[in-house]
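Taking the form predicted alone, here's one chain by itself in structure tokens.
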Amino acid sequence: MQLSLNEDQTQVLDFIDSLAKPFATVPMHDVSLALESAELDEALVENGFLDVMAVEELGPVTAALVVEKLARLPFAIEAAASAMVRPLIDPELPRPLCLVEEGKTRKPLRFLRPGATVVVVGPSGVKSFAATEEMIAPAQEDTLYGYPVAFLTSLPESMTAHDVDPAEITRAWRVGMAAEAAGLLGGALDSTVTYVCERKQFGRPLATFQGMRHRLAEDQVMTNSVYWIAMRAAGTGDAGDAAMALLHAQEAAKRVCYDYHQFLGGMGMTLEHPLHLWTYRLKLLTAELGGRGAQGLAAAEALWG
């Protein structure tokens, strides 16, 4: 596996850094549970960053890199489904894309709003439809989601069927979620490290205490491993690798997020610090595609048939 970025990938990520710089910090005094930016979303689409998978020189690994990079921002962006899955179904599908398993449409759907494309993936195939206002129920205001979330109350009588393999769509879905989780973990780590380096206790920064440094080092290793396993899965295109990547990402999120909030002490229980903008998103991703148990079964099935 090639571990270093090529020139094209470096340029893409540098362009995204420049584009996303105004959105790298939380607006002052904003204590929202989730942040969105239509301006950033439009800029990403206009510059083609969500379509890099279709470019032969870039492909799925670059798409995964883009998803990971954007997930590090405090703003929630519908990138994983559009960058990793939409090109396999229909590059012209209207965004945002909401992916849902067949028979499990009552779950909270990220980025669901009128006009969104809902893609239903399951044993009967891959189907899509445009969500209307009558089909959508908003989440309760006090629900702790880190994404804009809503619920489907009904399905249309007819949907558009797509001639694609649902197993392949599920594989790409897993890779996209793993890459997104890697970015969220990276963003949460950066936010935590900044806090413990600035916050002082007993006259010295928290980050200088050996016990905390050891745990932070373990969390960084875990976060880095999620990144590399996700990139490997994007590169191999293997269903087993994809299942293992999402399994590891969901396991890491369960462990690491607890540490980060503990490191912040009382501040970690409030919305005044932006850590929740990453960890609340991770919490929702840990239930994606059936959670850790489902990924483990999928990985075992891919390995042993």
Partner chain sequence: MQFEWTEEQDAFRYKIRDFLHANLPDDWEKFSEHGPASPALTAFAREFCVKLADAGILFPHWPREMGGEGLGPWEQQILAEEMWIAGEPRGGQYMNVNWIGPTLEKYGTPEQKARYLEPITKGQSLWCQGFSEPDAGSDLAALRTRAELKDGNYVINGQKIWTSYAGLADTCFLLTRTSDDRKRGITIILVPMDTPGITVRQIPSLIGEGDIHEVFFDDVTVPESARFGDEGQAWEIVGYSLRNERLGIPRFRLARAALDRAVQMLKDAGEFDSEYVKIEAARCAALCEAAGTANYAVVQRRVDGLVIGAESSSARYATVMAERVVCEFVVEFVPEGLAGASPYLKMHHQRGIVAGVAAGSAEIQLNIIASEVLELPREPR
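Not measured: the values here are computed from a predicted model. Positions refer to the first chain, counted from 1.
Keep in mind that the form predicted together with the partner chain is not shown, yet the notes after this line are about it.
Mapping the unseen interface onto this chain, Thr194 falls outside it, with no heavy atom inside 4.5 Å of the partner chain in the model of the complex. Using a 4.5 angstroms threshold between heavy atoms, Ala24 stays clear of the partner chain in the model of the complex. The partner chain in the model of the complex comes within 4.5 Å of no heavy atom belonging to Gly59. Mapping the unseen interface onto this chain, Leu35 falls outside it, with no heavy atom inside 4.5 Å of the partner chain in the model of the complex. Stretch 272-280 is the contacting one of 36-44, 235-243, 272-280, 60-68, since its residues have non-hydrogen atoms within 4.5 Å of the partner chain in the model of the complex. This chain is drawn without the partner chain; in the model of the complex, the residue among Pro91, Gly115, Pro108, Gly122 with a heavy atom within 4.5 Å of it is Pro108.
This chain is drawn without the partner chain; in the model of the complex, the residue among Ala139, Val164, Leu155, Ala130 with a heavy atom within 4.5 Å of it is Ala139. Shown here without the partner chain, the chain has Gly268, Met269, Thr270, Leu271, Glu272, His276, Tyr280, Lys283, Leu284, Thr286, Ala287, Gly290, Gly291, Arg292, Gly293 in 268-293 lying with a heavy atom within 4.5 Å of that partner in the model of the complex.
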